[in-house]
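Single chain ahead, written as structure tokens, the form predicted on its own.
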Amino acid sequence: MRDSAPPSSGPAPRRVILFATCLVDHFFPEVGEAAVHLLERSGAEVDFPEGLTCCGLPHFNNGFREEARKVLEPQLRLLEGDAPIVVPSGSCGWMLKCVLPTLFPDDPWKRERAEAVSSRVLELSQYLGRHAPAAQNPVLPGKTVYHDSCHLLRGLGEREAPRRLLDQAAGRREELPGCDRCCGFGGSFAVKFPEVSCAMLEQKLDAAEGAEADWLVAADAGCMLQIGGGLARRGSRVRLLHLAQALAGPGAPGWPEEAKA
């Protein structure tokens, strides 16, 4: 697996905008620290404009397109320019990349602004896969398995970039059985259908424990809320990391204090 080098797209841009997402901002700020560390290590200056908040996905998923538009419209000005917009979340990246322009069907001028923004959006692993130098040595000991988030895999069509990066950073990565199955979060899905959500989560946790993994890595804060809660309730020995934390490694900015390498 370590032979799968990431494709290169030339030197890293000099500046990127980090759309940290509201879940990272409020629940997993250490993931934001790890993401900034990785982006700066790739050679980019990281800009995190004050005023960036939510991508509007919770509103959109529940049928409130107008409310989603109202959340995102004030942020368009903050995201203008030519710098890549990096998102450490497949779901929020999908919202900005694929849905944002559709929120302005009757306003060509705003739709054009939204399309200009969405054209520069990259999920974190997509950006690092194109612009970060290849890791020379693995930083994450033990066995690592990776959970595909639904929006990153199916929405953005990205399967390989996280795996290529983990193959370089992890001492040993193996495929998680059922890695492409949803963890059962799905935003309000977990609230509306708790029995189904919990059953899906149990399958995910069984797979990780059955694989005797040391680390379960996810690339979406929503999945981390769901899976992290399940692992804690079980008292599982499997530890959860965001992809940014796994790539940065133990001791780097954003490494969780309770996780021991």
Partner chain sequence: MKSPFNRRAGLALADPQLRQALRTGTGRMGEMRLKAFESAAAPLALRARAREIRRRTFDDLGRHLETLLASLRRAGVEVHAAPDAGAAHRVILDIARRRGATLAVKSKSMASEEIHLNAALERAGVRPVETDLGEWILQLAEETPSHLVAPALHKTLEQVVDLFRRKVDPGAPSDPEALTALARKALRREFLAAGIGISGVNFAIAETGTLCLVTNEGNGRLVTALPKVHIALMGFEKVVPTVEEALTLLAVLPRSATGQKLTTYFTMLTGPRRPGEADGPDEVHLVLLDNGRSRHLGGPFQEAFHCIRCGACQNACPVFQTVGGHTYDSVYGGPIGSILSPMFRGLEASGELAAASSLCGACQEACPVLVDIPRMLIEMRGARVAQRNISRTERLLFRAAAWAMRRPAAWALSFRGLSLLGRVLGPRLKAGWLPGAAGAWARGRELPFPARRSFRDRWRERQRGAGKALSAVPPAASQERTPEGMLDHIRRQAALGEGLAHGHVPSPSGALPEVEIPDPAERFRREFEAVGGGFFRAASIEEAKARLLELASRWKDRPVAVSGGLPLPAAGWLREAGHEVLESAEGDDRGRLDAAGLGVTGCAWAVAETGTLVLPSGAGRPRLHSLLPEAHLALVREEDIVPHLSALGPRIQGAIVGGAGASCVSLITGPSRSADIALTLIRGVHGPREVYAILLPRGVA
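Residue numbers count along the first chain shown, from 1. This one's a predicted model, so the numbers in the text were calculated from it and none came from an experiment.
One more form of this protein exists, namely the form predicted in complex with its partner chain; it is left out here, but the text below deals with it.
Proximity to its partner chain in the predicted complex holds for none of Arg130, Ala134 and Glu160, with the criterion being a heavy atom within 4.5 Å. Ala208 falls outside the set of residues with a heavy atom inside 4.5 Å of its partner chain in the predicted complex. Not displayed here, its partner chain is kept clear of Arg172 by more than 4.5 Å at the level of heavy atoms in the predicted complex. Taking the partner from elsewhere, Ala190 is found to have a heavy atom lying within 4.5 Å of its partner chain in the predicted complex.
Although the partner is absent here, Ser42 is not a contact residue: none of its heavy atoms lies within 4.5 angstroms of its partner chain in the predicted complex.
Residues of 135-152 placing a heavy atom within 4.5 Å of its partner chain in the predicted complex, in sequence order: Cys150, His151.
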